[in-house]
Each structure stands twice: as structure tokens, then as C-alpha cells.
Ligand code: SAH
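So this first bit is one chain, no partners, the form predicted on its own, shown in C-alpha cells.
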């Protein structure tokens, strides 16, 4: 069946990973098979991200490397998709004329037709037009690009929030939600293929279904939780302004919903939040955190923070540090601000000097790393439940400083990475990907935990695991 090959290099967020999966499935239905090495590909796709300037720079750096392959193998077709493609269009081909195809975020469903045109000798081609409503790719789902244990499912596309720093509404269009029946059916297919955990994706999952009059996000979670064989549900990203009482209540009543929420705050200063057009204030955010912890005390809360937004003073930044200490985040994705072309924030002044942005980012990371390490150290000696994902990267005895006993990796319900080994006395079968296992934590680091499998003859019904 497969007589042609493709390679997809994905840059950016989980939604890009999901989009790459859709591309792969469409290509496999055409008779292509995936290869890990672009040198062996008949079609190479760069799936791009435009959220931060550095991600966009990576695109052109990668295209420069692929140009060498193209010179050696001119029959290879080179395509650029994703957010940079949507925003830049044919400008990419003017800068990199060896690119055969540019296709935007809403053109994935048209990818098969575009590839057939390339096969027929047409090109260069560009398609950055809008789609006809919410994007759906029909046909079989092949488990090719993502691990089968944990899979992504996009439930909505685009964004209506127009935060002043963000290009997403311009790169992915206005917000549209998928039909809940199709979402549940997709989860069922993935679970039948071996998935034990799904992460529901949207730029603002909290507003799912509002425009179309579909079920609420909390109701969608209830329907997904009813899928037999599914062990865990995650979701990202939540916007604080739309975090409803019903969604908070879902953490109290849905056991499959993981002990984790990613709730981007972006700044601890009301003045900066207003400039960002976030439409909530510092106290509102703190109140939401308190309500989440009231219904599920063990919940882990992670967040995004932008440092050095235009006009941010030392007092604004100190308010961010104070909020980080007050919340006690389990993890942060922190970045210094960079102008994105076309966004309102790119026109705001005064700009914060790069040296100041770097100093503030270092201070924030130092504060958060110390807090995360302390939280992890509190778990040493406890037993936690881990969903096994597979072999640990730490299991390579050739890497300096690695413990060659460490063989497996997985995550707790609260999304903490746990690398673990078998006890020397263990005579039970080794863990397998997709299984839930008890692990006793023996060491803690800022970004991961280290432990030993603690098999229980009674399974997970014996001694209760500590939440982690």
C-alpha cells in the first residue's frame, strides 16, 4: 500500500502536535508512510509555530538545513504548514524559493488535494484560505506520531479573546467548536487503539460550545469520562475569565479528571493585565485558585507568565513575584515578551530593555524552581500512582551520571514526571506502557521525581496512594 514517504517536523504547542497527526493520517490514507529521517522522505513538512519570535526563527533555520537535502534530491517536495505559514503565506517562498507548498492552519483538510497537485508537477503552491466551518478530517486514525498511551484531541479551533500580545486569532481564526458527538467518537477510537489518557485541546476550552449552542465544556468532560477503558482526562488551555462554577464542580465529581489545571495568569499586576486585555484581575485569579483547591485540595496548578510586557515597571514585576508566592504553582512556563507583528502590543510603549527582561525572567525562574523543588521534596518517601508511558530517557547507562537501574517513566495525575526502576527483589512482570502503577518516591528534583516500583499484590486497592 505504501510506496511514498513523508516526514513531519513539528514546532510549537500540543495543538500543532495534533495537527501533525491529522496531516499524517491524511497522507497515510493516500499511500504515504512516515519516516524519521527527512533524507528518506518524498515529502517533508515543517509544521510551524508563530507564538514567539524564537519559534519563528527556528522555522527558517530548519528550512535552511532542508534546502541542502533538496539540492541533493530535487525530487523531494518541501512544504511549510502551521501558524507561520498562515501569517506569512507566499512571503515564505520569496525568502525560501525552494519551498514547494505553503498551507495554513485551515488548509489541513485540503492537504491531500494540494499534495496530488504537487505530484502532478504543479507548484509552487500556496493555500492560506479559511476553511468551511470547523475543520474535520474523516477516515481512519493511525497511531503514528503520538504515543499511544496519551493522545491529544482538539475540541475547538481559533480564539475570540484577542489578548494584545497574541497572534493566535490571526493565525488560527475565530473560535469554533467541534460537535461533541464527533469528539467522543474520536476518543473512543483512540482508546480502542490503546490510549489510556486524552488531553482535550483548545485555545480556551472553558468557552467550548458557547457560540454554537452546544453542550458546555463541563458537560463535554462528563461525556468523555463515560468512555469505557479511558483512565485519565486532561485539558488545556483554560482562560481564567471563563472558568465556570460547573467546571470547578467537575473536579469534585469526575474521578477520571486529573489533579491538574493549566491556568495562565500572565502577570500579577492589574495594570499589566488590563494592557494585555485579559479581562480579569489579580484577586479574581486568586479567588479561582481558592475555589479549585476547595473542591480538590491536591490539585496541581501550572501557569504561563510573560515578563517584560511593554510598560511593566519594577512594581508590576514585584506584584507578579508576590502572586507566584501566594499561589504556590507546581510549574510555570515563563517567557520574556517579544513583539509579534500585527498585534496591538507591538505598538505599545515603553518597551522594556532586553537586559531588564532577562534579569526579571531569571529572578522568576529562580523563585519558581525553588518552590517546585520544595513541593517535590515533600513527596519523598510517599507512594504515588503513575501512568506508565514507556522507557525512561534516564535508562541509558552510557549517559554520565545516570543510574542504569532507572528503566521506566510516567506521570502522576498532577502531571509530575516520575522516572522509576524495579526493586532488586521484584519477581513480578515488568511494567508496561499504559498501566497504572504505584511508585515509591526516593529522590526529588525541580522538574521530576525518582522512585522505585512498589508492586501491590492487590493492585491499587491496597494502601492508598498519596496525591501527587
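Residue numbers count along the first chain shown, from 1. Only a predicted model underlies this, so the values are computations on that prediction, with no experimental measurement involved.
The following text describes the form predicted together with S-adenosyl-L-homocysteine, which does not appear among the structures shown.
With the partner omitted from this view, the residue of 278, 376, 260, 196 that lies near S-adenosyl-L-homocysteine in the predicted complex is 278 [heavy atom within 4.5 Å]. Interface residue among 152, 103, 165, 317 relative to S-adenosyl-L-homocysteine in the predicted complex, by the heavy atom within 4.5 Å criterion: 165. Across the options 188-196, 108-116, 246-254, 300-308, residues that bring heavy atoms within 4.5 Å of S-adenosyl-L-homocysteine in the predicted complex belong to 300-308. Contact check for residue 52: a non-hydrogen atom falls within 4.5 Å of S-adenosyl-L-homocysteine in the predicted complex. At least one heavy atom of residue 237 is located within 4.5 Å of S-adenosyl-L-homocysteine in the predicted complex. Although the partner is absent here, residue 203 is a contact residue: one of its heavy atoms lies within 4.5 angstroms of S-adenosyl-L-homocysteine in the predicted complex. By the criterion of a heavy atom within 4.5 Å, residue 340 is counted among the residues contacting S-adenosyl-L-homocysteine in the predicted complex. Applying a 4.5 Å heavy atom cutoff to S-adenosyl-L-homocysteine in the predicted complex picks out no residue from 241-255.
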